[in-house]
Ligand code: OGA
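First comes one chain, alone, set out as structure tokens in the form predicted on its own.
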Amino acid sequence: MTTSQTLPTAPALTQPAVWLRDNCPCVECRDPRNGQKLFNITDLPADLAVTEVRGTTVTFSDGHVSLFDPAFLSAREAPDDRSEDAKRLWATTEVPEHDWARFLADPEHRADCLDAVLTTGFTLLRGVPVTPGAVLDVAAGFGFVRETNYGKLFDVRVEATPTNLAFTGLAITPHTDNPYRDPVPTVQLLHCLSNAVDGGESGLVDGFHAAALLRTEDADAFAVLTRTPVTFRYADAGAELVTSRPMIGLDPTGRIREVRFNNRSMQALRLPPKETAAFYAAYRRFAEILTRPELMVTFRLGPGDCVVFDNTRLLHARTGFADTGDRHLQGCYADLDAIASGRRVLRGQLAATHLRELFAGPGTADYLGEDVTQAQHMLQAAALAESDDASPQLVVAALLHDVGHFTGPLTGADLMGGTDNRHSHVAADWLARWFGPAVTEPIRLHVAAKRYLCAVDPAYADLLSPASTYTLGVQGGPMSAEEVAAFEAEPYAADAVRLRRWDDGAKDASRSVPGFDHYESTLALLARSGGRARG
């Protein structure tokens, strides 16, 4: 293997050739419409090797050439969004409350609600209509109803011949619902239709936090509960459900991913006596932690309230009440993957909407004395990028490269007044809430690219408009030799130079280009999970 340049920011280039080739992003390897692979692993030569590396361009022994995004090569494995690392663990917490009418009408409010379920583990929706079946409408707002042997929905109220203790007035200790299912329902909804009883308060415990406490306080007990299969069973006239899983489920890296705890449906263990004793000691230890009063958040459901919670993480409980009282809840199940999917899609849509408002508002202002507005300039730059067959990420970078003129503390007017507003850095940092480096870093470098081109191409300066010539001086003038070398080492330097060329050509008041609508779906798609923070 010959390496003419190995980027220090791209450790993945040290991966085996088969990994690099399997992840090639080119249109020969992936369908550009959906990103799915067009080949199988058996289609690759068994003796595949890398023959050359130039920056992030890799040539293979079968003649194939792959051009990788530096951000892809330097990315680390994202944490499993179902594991403890992706959650906000709590000993006690304020009840996150949301309003059903706002949930339906306000995408920002809906996003906050979905976030609460995904990170804190639950939300309490107020103002749900007090009508039978309304819980199904709520579930549809979060994803899809998971139908079980209980039907699409089930009633929680006192029954004369209960098949489950939930259908009595007895107190119910913290537990997982349906632990005898594989997979267990990951989301549970309980909607209150009436609650005219003394008692019957609802309680929630963060099982992930309790399991983490067990790991800290008694590592041996934690290990026992993560490796010992426990059989859970439920049977009635129409169903017999049985599964065996550890009480504390881990992902392959050892992070807490699931808790199944239900003494009512747990079956007898069949282990050697010594292992049985160790299990019961660990089981008791975990149960003692789960029932610590300071770990439970308690609230009372009133008519119209609907609690939505992660059933693989939170354990729910109920205080006792008189069997003769009127307490009626309706419940159903859903799945976390639909909530996570909905949140990602909503995240992208909100980003696109916010950017649309910028183009329609501040973007209509004068662009540094040029004959176009800020928005017209950026739309022209994006159109030039598209006509030059740029990647979707680079087209979006061209579209958004100057938002720093109106999203930071200083504006374009400050720049024209002689103060560098560092709009390239402001824009990159501001956009990082939604987009990854393939969008933000060419933007961060596009002013530096002007200074670079002025240093390495004497004819370039003659192409600049008067306003751009003036701002060049404010921004530091042509680069020094040391600055040129540092710029050329940047992973996104070539993209920034391309962006700079489109930037310089995007100042023609007579040019007709597509409007913001043309890019909205691309913005929404790229903004779903590319940033470093939720927005």
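All residue numbers refer to positions in the sequence shown, first residue = 1. Every value quoted in this text rests on a predicted model; they were computed, and no experiment measured them.
Beyond what is shown, the protein has a form predicted in complex with this ligand; the following relates to that form.
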_Heavy atom within 4.5 Å of this ligand in the model of the complex - residue from 310, 258, 305, 177_ = 177
*Consider the chain as shown here, without its partner, and state which of 455, 156, 111, 351 has a heavy atom within 4.5 Å of this ligand in the model of the complex.*
156
*Can you check whether residue 166 is within 4.5 Å of this ligand in the model of the complex, heavy atom basis?*
yes
*Taking 4.5 angstroms as the cut-off for heavy atoms, does residue 316 touch this ligand in the model of the complex?*
yes
*So in the model of the complex, does any heavy atom of residue 146 sit within 4.5 Å of this ligand?*
no
*Taking the shortest heavy atom distance, is residue 383 within 4.5 Å of this ligand in the model of the complex?*
no
*Which of 336-344, 271-279, 148-156, 394-402 sits within 4.5 Å of this ligand in the model of the complex, heavy atom basis*: 148-156
*this ligand in the model of the complex - contacting residues of 327-350, heavy atom within 4.5 Å*: 327, 329
